[in-house]
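Starting off, we have a lone chain in the form predicted on its own, written out as structure tokens.
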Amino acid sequence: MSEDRNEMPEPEVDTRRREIAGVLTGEFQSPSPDQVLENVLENVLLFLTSRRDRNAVSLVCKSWYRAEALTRSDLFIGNCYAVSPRRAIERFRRVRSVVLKGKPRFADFNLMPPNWGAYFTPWVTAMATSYPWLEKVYLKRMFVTDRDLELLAQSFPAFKELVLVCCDGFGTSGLAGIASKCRQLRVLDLIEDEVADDEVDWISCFPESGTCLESLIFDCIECPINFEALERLVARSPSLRKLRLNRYVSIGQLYRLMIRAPQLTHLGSGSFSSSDIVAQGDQEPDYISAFAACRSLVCLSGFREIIPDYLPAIYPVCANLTSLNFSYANINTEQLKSVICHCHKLQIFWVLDSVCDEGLQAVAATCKELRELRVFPIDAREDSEGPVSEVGLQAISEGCRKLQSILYFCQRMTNAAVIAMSKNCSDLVVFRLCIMGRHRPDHITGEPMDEGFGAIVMNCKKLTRLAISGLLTDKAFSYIGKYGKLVRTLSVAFAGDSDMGLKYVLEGCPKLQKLEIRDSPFGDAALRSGLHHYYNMRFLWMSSCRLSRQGCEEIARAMPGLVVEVIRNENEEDKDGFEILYMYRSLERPRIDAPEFVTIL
């Protein structure tokens, strides 16, 4: 089959036409056996959707490599600097969906200086001329400009889905371009982005005729929106299933939207407080009836600036909920109990620690189908008095035996509670325990937390993601290296005794892809112990550790296919000093857009 995309947007169609023409003119030649096999393989590969399976197929031989590239429609790039746009486009010519990730996760915690990079501009510029049939773009931690969004809207006439997660650099004027020019847009999801207020009424820019919108998420936008335009948009979007509102939408306005969209399955409620002035003697809307009419609701979130008196409004939908996000709702134990007692089907639950251990006990008593739990701190200071502890964790482990993923912030923890979770919830795939105070031991025995985390990697055979904290010695890392054979992502904070700790991990975890370390006593010897494995990893991040520039230069010399960045604070005058080491594999030369505070060794 032809690999020259510029001749025809769908080369296989042109091939079929030539074959038919050959039959009609008597010039048809039967394809060779190799061509037949290649055609059969391409048709089989169309049904192969797993990225890992496709990557494995591409390694079999050259013909399979070509066939896989020709049939890949979904392109995933976990690091925007691991490959150039040119190389990706030359290999994959029929892409309709792109997932592109930029900055490492620790950038979410302000551990990376601003303006580090991860620019979308070179990617969208290249795709604009090479992927005219592109339909979907998912970006995470990328720097996206309004001009990028304008080019995106102009270049892809069949564009349908845009998802931006933890991105910045753009504003409401860029959103206006997407809304006005992408006439087939089905999904516009803005999740935890920093969106500038350009004083542009982007909501009004959607087509006045009926839209194809299925999902609209803008809860991260910190500026008022034109509610009347939003109300009209919802009314003319019969396919809308997901809607998440920002905090400038009151519960009274939410009521008006729900009346017009009873078909919603996912709803983010906005502020969940009333900014409307109800005249004396007037009756407030019947919020309970509005929720009751939305019989398809399975996911609720939002609840910003919540007035607890409005919580009973959601009771009618609680029995069907599979996902409930209270991570912005400052509610207490009793307020949670009044809701959670109805949520027997709940599988995903996010909440603030303001609900206390007793609130988590109520969750454990009711939510037997729970698969994912996240407990966030209402006060993230290290010296704060955390209202949740090992009591809540143990209750969850005893009541929610089907749990697969947990993120738990607390100030106090015990080995016994973590060991109990490892035994009661052996299907855990993700275990992230964040003990916020530095180097905190088991608060009852005073012992390090080694045995607790050791039990997690020993008993949870499916574990792929682990975050560790608290007082931990090298013994904890030896457990991880010995038993964490499936661990792909490891996050370490304020932990370890010596270089041996990191050595245990790098030598013992063959599946390790992403390693994030901050404020830990690992130096050059620990770094050198991973030379055999770095080419197999997506990245290594180390900040505030005991590395020397000379040690980093040794790694760079030994592994020329690895990009080794040392990053200093923007205001640091010492050119040889650095705060962060960021290493990642790349098929390209070191990037040319590095700012002055980044040195590529």
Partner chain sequence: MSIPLEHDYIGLSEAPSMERASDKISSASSSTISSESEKSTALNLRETELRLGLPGSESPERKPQLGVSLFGKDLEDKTNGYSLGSLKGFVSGAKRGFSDAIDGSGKWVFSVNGGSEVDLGKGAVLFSPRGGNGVKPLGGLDNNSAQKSCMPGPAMKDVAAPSSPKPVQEKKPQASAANEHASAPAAKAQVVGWPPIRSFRKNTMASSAKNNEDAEGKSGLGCLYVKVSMDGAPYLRKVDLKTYCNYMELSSALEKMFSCFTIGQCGSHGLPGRDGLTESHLMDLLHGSEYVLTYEDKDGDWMLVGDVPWE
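Positions refer to the first chain, counted from 1. Fair warning: this is a prediction, and the values are worked out from it, not measured in the lab.
There is another form of this protein, the form predicted in complex with its partner chain, and it is not shown here; the text below is about that form.
| Though its partner chain is not shown, can you say which of L466, C460, C166, A364 has a heavy atom within 4.5 Å of it in the predicted bound form? | Residue within 4.5 Å of the partner: C166.
| request: Using heavy atoms only and a 4.5 Å cut-off, determine which of M436, L75, L185, I419 is in contact with its partner chain in the predicted bound form. | output: It is M436.
| query | Residues in which of 378 to 386, 338 to 346, 252 to 260, 292 to 300 have heavy atoms within 4.5 Å of its partner chain in the predicted bound form? | reply | Result of the contact check: 378 to 386.
| request: Decide whether L111 counts as a contact residue for its partner chain in the predicted bound form under a heavy atom distance cut-off of 4.5 Å. | output: Although its partner chain is absent here, L111 would touch it in the predicted bound form, with heavy atoms inside 4.5 Å.
| message | Taking its partner chain as it sits in the predicted bound form, is I307 near enough to touch it, meaning that at least one heavy atom pair lies within 4.5 angstroms? | response | Yes, I307 is a contact residue.
| Might E199 be said to contact its partner chain in the predicted bound form, defining contact as any heavy atom within 4.5 Å? | Contact check for E199: no, nothing within 4.5 Å of its partner chain in the predicted bound form.
| query | R518 near its partner chain in the predicted bound form, any heavy atom under 4.5 Å? | reply | Yes, contact at 4.5 Å.
| query | Going through 62 to 97 from first to last, which residues have a non-hydrogen atom within 4.5 Å of its partner chain in the predicted bound form? | reply | Nothing in this stretch is in contact.
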